[in-house]
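Next comes just one chain, in structure tokens: the form predicted alone.
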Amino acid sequence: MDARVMTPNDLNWPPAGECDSVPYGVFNDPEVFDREMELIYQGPTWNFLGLAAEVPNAGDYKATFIGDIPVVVTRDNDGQIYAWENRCAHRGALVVRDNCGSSDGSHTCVYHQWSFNNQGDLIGVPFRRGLGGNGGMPDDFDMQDYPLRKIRVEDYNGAVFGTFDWDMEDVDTYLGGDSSVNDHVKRIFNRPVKVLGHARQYIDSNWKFYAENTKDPYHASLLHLFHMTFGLYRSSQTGGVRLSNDWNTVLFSESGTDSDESLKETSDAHLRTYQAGDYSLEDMSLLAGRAGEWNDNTTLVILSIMPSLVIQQIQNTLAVRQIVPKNEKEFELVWTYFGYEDDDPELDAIRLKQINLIGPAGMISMEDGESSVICQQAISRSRDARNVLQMGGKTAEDQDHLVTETTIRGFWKKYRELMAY
């Protein structure tokens, strides 16, 4: 019997160039997770850090993550946003322990009180010259040699991205330039935003199960009964999917565009659903919104900007979801709900009420976390067995319908490239 240790390269991938199946080992192998943290999250990718509106003033800061690496986003007196790894240059402790706040321009490690400015430069070391003639740092100690690990930052229309790769292309190019995906990003971030609230969700699943879910347009009319019952989203609606750089994707649809033929096909399929006439909400104002807010008929947009960001517009509710991997079996999902600075009070109220649709306990999206969990539970001891990603074909390309897994195939195509599988 061969007792050699299996490595990530031993995974049962399909032949090079094929992306219609994936070995389950990528979801449960700690070696794969470590490789992702190095080659993807610290590699040639732009990672979502937050909204610029979360650090509006000089001295404001927010603690967040790139992969499982803790980082801090700050705004300095020059008005610019900076980010650095939240690891003291002295003995490796967290410098910032709060989720957010405002400082006087310095951030001090509680362990030995080394202090750093908003840009991550070391500005203070206690007992640097000793005490009573004893101790102190060597004569050649230079504080300029010990900054925090800095992160390249770009504020892209109010969405803040960071990368450890200082040679990376700019965010606009990363998102696809003039691509449809980037057009949808600019459509949502078309003017200054304001933060409405936050939610956090800890999910016992590999982060990639959720990444797949946000790229999967046809599960929504099967898993989410609320969507089907009230017609917010159905696979039979006018819509489509677009890809840029393979794994940055958008799915979009227009409610109320189901044809009689497609509705009959759905009915004939005996899908698990309620009929809206037989089932209703106690307060139907949850579904009341403002049509044409973006001067188009699009009522649902799910943008998946890899590796860590989901941007959503469902009816009038807007949110960004940050995927924060913890290990190969757990991730955290951080929701930030937002509107626009020029929203009137009525639209503010609409967005706040519609938050009940979306979030950890939302009428729609609570099932997404659970679907990730039941997948993780089922593949706990699977490694070489592969899933099936052939809905809508076997390639990764734009499609003008919603019954497809093409965007998931694009994700895995790019994933294999970055991971050198």
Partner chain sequence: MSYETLLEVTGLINDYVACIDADELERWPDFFTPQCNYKVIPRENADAGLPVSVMFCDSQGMLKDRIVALRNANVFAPHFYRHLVSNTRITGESDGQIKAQTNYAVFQTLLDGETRIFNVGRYDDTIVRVDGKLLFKEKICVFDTYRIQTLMVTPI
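Since the structure is predicted, the reported quantities are computational estimates derived from the model, not experimental observations. Positions refer to the first chain, counted from 1.
One more form of this protein exists, namely the form predicted in complex with its partner chain; it is left out here, but the text below deals with it.
Chemist: Using 4.5 Å between non-hydrogen atoms, is Phe141 touching its partner chain in the predicted bound form?
Modeler: Outside the cut-off, so no.
Chemist: Using the partner position in the predicted bound form, report whether Gly136 sits within 4.5 Å of its partner chain, counting heavy atoms only.
Modeler: No, no contact at 4.5 Å.
Chemist: Hey, in the predicted bound form, is Glu370 touching its partner chain, heavy atoms inside 4.5 Å?
Modeler: Yes, Glu370 lies within 4.5 Å of its partner chain in the predicted bound form.
Chemist: When the contact criterion is heavy atoms within 4.5 Å, does Asp76 count as touching its partner chain in the predicted bound form?
Modeler: Asp76: no, not in contact with its partner chain in the predicted bound form.
Chemist: So, a 4.5 angstroms cut-off on heavy atom distances: do all three of Asn157, Asp183 and Trp294 pass it with respect to its partner chain in the predicted bound form?
Modeler: Negative, none of the three is within 4.5 Å.
Chemist: Which one, Tyr146, Tyr111, Phe127, Tyr279, lies within 4.5 Å of its partner chain in the predicted bound form by heavy atoms?
Modeler: The residue from Tyr146, Tyr111, Phe127, Tyr279 that makes the contact is Tyr279.
Chemist: So its partner chain isn't shown here. In the predicted bound form, which residue out of Ile311, Val153, Ala89, Leu196 has a non-hydrogen atom within 4.5 Å of it?
Modeler: Selected residue: Leu196.
Chemist: Just one stretch in 354-362, 36-44, 385-393, 23-31 has heavy atoms within 4.5 Å of its partner chain in the predicted bound form, so which one is it?
Modeler: One stretch meets the cut-off, namely 354-362.
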